[in-house]
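Form predicted on its own, single chain, as C-alpha cells, below.
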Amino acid sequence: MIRNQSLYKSLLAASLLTAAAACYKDKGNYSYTETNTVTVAISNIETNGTLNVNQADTLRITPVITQTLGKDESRFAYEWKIFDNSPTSSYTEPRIVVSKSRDLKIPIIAPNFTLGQRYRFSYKVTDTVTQITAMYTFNVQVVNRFATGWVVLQDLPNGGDFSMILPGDVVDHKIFAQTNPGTPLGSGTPVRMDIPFPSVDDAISSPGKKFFVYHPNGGIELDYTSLKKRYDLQTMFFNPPAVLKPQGISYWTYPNQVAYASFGTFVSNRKVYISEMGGYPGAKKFGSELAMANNSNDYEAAPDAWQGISWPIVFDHKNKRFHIVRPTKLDNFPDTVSTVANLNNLKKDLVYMDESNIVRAYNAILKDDAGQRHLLRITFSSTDYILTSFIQAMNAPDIEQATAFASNPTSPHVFYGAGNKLYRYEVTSNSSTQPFTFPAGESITHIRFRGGPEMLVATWNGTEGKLYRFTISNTGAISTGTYIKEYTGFGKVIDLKYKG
C-alpha cells in the first residue's frame, strides 16, 4: 500500500508540473528560417494561354525566374515536358522531356511536332536542396508559316529548291531542304511547278489542294500544307508510262460541281492523260495515253490545258491546232466553231496562252512560219463551243525576242519581257508601250500576276536571280512608274506561282 501511495504522489507531482508548464506565458522568442519561394513567368503567351509557333521555326524561350531570397540559381534543376493536347488527342498521350536546360531552344519539326497540332508544355524548376518546385504550363500551336506567299522555283548550284516571299516581305530560302531534310527535290534542273486552283479528292492523297514540282525525268507531289514530299508522280497512274517527262498537271470542275475537281489532265512527254474523279470507289488515277480523233498518237501537246465548257482544250505543236480533251480521245472542234480561225488547223504555232480579263476568254499568242506574232482571242460561250474571236498581227516591238508573258486579269493588256525591257501590249488598240527598263545585264525570265494589282517580274544576270514587285492600276499602268520592292539573292528562277 505504501508503495502504491508513493507511485501516486509521483504521478501527481508530474501532472502538476505539466499543468504549470502549460500555463506558462509564451514570450515568442523563437527563431525562424524563411523558405525561398520561386516563381516562373514566360512572356509572349496569348491571353488564351497559347503560343503560336511556325512550323520548322526554332522555339526559343527565356523564362523569368523570381526568388524571394537571393538570386542564386546554381542549385536549381530544370525540365521542359510536352504532350499532344489537340482536341483529338487523349489524356494517355506520352509526356516527353524535350530539354533540361534553364532556357528552351527546340526546333518545331518531326517527330516531336506536327503541323496543325497543339501541344501542352510544362516547365518545372526544382530547388535541389529544399525539393520545392515551381511549375508553369502553356499551350503551343504549330501553325503554317508557308500558308500563303509567292513560291519561287530555282536552279541552284547544289540542285533545285524553292523559296517563298511570305507576307510582310519576309523571304525564306531553300524551303524544300528545310521540310524534307536529306531528300533531293529531283534529278536535274527543275522544269516547272503547278499549284492547280480547285481542290482534289482522288483517294490517292488527302483531299485538298495539290502542289507539284517536275524535273526532267519525273516529279513529285508535295503536301500543300506541310510542303513535305508525298510521292513520286508515277503513283498517279494506273499503269505508269515507260517514260515519264511531266510537263503540266491541271484540274477542272464542271460548272455545277465546284467543291472538288471533276477531272484532271496530265501532259507528259508531249502526250495527254486524263483522270475522271467520278463517284466510283478507289483511287482516281490517270489512265492510258489519249489518241487523236483519227486514232493517231502523232501529236505533241503543250504543257497546259485550259478550261473549255465541259472539257478542257490543249494545243498540239506538231499539227498546229487545238484539241478538245474527251475521256477517250482528243477530239476535233466543230467546223462551224469560228469564222476567223480554224482551231483544227491554225497553221501557226503557239507561243503563249492564258486567261484574259474577260470570263471564258483567252489570249493566245501565235507565230507563223515567217516569225510574225499574232494575237488570237478565244472566247467560249457558257453553253457550247461557239467561238467569238478575232486574230490580229501584233504591233509589238521586240515580241520575237520575248522570253516571258503575262496577261493582266483586270485590264486588256499582255505584259512581255525582251532582254531587260518590260513591254505592255494593249489588245484592244493593238499597240505597245515600254513602261520599264531593268538594269543593264539583267534579262527578264518570268512575269506573273496575283489578281490585278500585283505583278512580279524575275530577272537573271548570269549569277543572281532577282524579283521585282509592281503595283498595276485599273487601267493597266505601273502605278508608281517603277517597282515598289526588289528581292535579291535568288538562283536562276525557273517558275513563279502564288500559293494562297
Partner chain sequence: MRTTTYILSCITAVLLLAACKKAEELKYQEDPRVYFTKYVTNPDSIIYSFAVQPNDVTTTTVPLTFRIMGTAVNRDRVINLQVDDSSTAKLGYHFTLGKLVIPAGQYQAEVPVTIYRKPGLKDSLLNAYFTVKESADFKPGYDDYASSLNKKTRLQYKITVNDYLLKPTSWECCIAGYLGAYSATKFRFVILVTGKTSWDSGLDRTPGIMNFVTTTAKNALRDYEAANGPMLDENGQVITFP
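Predicted model only: the values in this text are computed from it and were never measured. Positions refer to the first chain, counted from 1.
We do not show the form predicted in complex with the partner chain, though everything after this point is about it.
Novice: Among Asn295, Thr128, Asn158, Ser429, which has at least one heavy atom within 4.5 Å of the partner chain in the predicted complex?
Specialist: Selected option: Asn295.
Novice: With the partner chain left out of view, which of Pro184, Gly287, Pro216, Gly116 would have a heavy atom within 4.5 Å of it in the predicted complex?
Specialist: Of the listed residues, the single hit is Gly287.
Novice: Would you check whether the partner chain, in the predicted complex, lies within 4.5 angstroms of a non-hydrogen atom from each of Ile274, Pro281 and Ala291?
Specialist: Yes, the whole candidate spot contacts the partner chain.
Novice: Given that the partner chain is not shown alongside this chain, does Pro167 nevertheless sit within 4.5 Å of it in the predicted complex, heavy atom to heavy atom?
Specialist: Taking the distances in the predicted complex, the answer for Pro167 is no, it never comes within 4.5 Å of the partner chain.
Novice: Report yes if any heavy atom of Pro327 sits within 4.5 Å of a heavy atom of the partner chain in the predicted complex; otherwise report no.
Specialist: Although the partner chain is absent here, Pro327 would touch it in the predicted complex, with heavy atoms inside 4.5 Å.
Novice: When the contact criterion is heavy atoms within 4.5 Å, does Asn239 count as touching the partner chain in the predicted complex?
Specialist: Yes, Asn239 lies within 4.5 Å of the partner chain in the predicted complex.
Novice: With the partner removed from view, which of 328-336, 221-229, 82-90, 245-253 is the stretch that lies within 4.5 Å of the partner chain in the predicted complex, judged by heavy atom distances?
Specialist: Within 4.5 Å of the partner lies stretch 328-336.
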